[in-house]
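Just one chain is shown here, as structure tokens, and it is the form predicted alone.
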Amino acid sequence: MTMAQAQTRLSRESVTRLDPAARPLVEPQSLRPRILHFGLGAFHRAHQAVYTEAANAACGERWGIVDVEPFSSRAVEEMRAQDCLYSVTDRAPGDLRTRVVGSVIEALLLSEDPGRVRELLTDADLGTVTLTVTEKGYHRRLDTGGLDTTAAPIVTDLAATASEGAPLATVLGQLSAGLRARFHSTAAPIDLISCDNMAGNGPALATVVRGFIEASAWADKDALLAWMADSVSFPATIVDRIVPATTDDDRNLASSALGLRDEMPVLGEPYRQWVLEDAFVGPRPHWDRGGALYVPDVAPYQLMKLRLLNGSHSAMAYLGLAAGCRTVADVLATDWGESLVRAFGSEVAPTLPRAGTDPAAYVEDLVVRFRNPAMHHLLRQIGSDGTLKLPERWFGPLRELRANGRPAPVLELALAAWVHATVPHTDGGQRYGTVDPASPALAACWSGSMTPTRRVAALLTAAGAEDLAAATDLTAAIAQRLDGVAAGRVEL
């Protein structure tokens, strides 16, 4: 590879120089904008976009994706500079496989391209909207799961609905306004699909979208909601692939593998899974031809993934950080890492439905996946936004175990590690560099003098688990673990 080749940017022109095995499976120029996706992140590009391209190649369809990025203008600019092409590298031990993906055909910035977003949402040919905006993008209340109408961005957007045509800044605002425009134009059915890691993500999305419309100042909101009842669906999904945040070293690795400069590569584990509730009202993409699974009910799969994979991920994050580890693979290289994953799975498995799933086999697969040294999944990344993640990953199963009289020592240990990690740092973050939208409330729990048990209760309350905070046996058990965690010991 010459220096000139290394400096040539990936594009529709330069991609033709690659070996056919490294090129997109279908010609990007042949695709039509049929899927609108909110969230131009690494996971989407390593997951839904890969499934979409594989489905197109398998059945000759032409489903192109238009990505809408809510925040990062840089990501949009870099995608546009590469004609929306980027590479995906499967990282297996000793075996890196890099290929260019071409299913994304357009990149938009939410704040700068609202007109184009609205145009696409009213196009009858576009029948699917997908989202990966993380838990924060839904602006849900911790207590009810409904829309938090007091959240500052939502307050601003709701006020804007009083003026016809006023700009809306949030994904929920833009999406709701787009549905309204579709109702008044083509009125074509459309499917809205959350691909975020939340239990019942389809109903969760439906709740906040409907909540926004109900709270809006639109005079026609009742008619809009009535139309949505039959013409808009919110299928639930489960998505799974470990895709760490891309680093500069990753960019150099992918660019070297291609022989072309790629500023937007993604690198993930070879494993991927996508299970979707078969509840579509519009044209259904042939994702099953690309390896996805359509099922009547995703709940068993989703709970298993959230509670076993994501739950053990969070446990490894907080315990690993306290023990001086940096990545998931670092944790699995310790003398306690595998035992933690298996013990966590054994403890939580009784809270899972058995319909078509095998929790024990799933846990063994997790051990293999987590052990992959080619993956550099940062514990700091996994441990961020704990107050948004833990209610589904830990609090739900903990409540069920306690209600059935079952002990939960691993969850108590994990909660002690989370408590330890919430200590505020002088830079405004937390002890190990994790961040959390509830950081001010968590930090307040560390001011003043109180017993460890009371501090644990205060932190659980700040995380929305008042019932668990009131369980004195639980808070005492967590508090008893704090000294061991602070010393970096993992005592299962």
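Residue indices: 1-based, along the sequence shown. Computed from a predicted model, the values in this text were never measured in an experiment.
Another form, the form predicted together with a small molecule, is not on view; read the next lines as being about it.
The small molecule is not drawn, but in the model of the complex it has a heavy atom within 4.5 Å of Ile382. With a 4.5 Å cutoff on heavy atoms, Asp240 counts as touching the small molecule in the model of the complex. The closest non-hydrogen atom of Ser194 lies beyond 4.5 Å of the small molecule in the model of the complex.
The shortest heavy atom separation between Arg182 and the small molecule in the model of the complex exceeds 4.5 Å. A heavy atom within 4.5 Å of the small molecule in the model of the complex is found for exactly one of Arg91, His377, His139, Arg307: His377.
This chain is displayed without the small molecule, yet in the model of the complex the stretch 309 to 317 from 75 to 83, 309 to 317, 186 to 194, 165 to 173 comes within 4.5 Å of it by heavy atoms.
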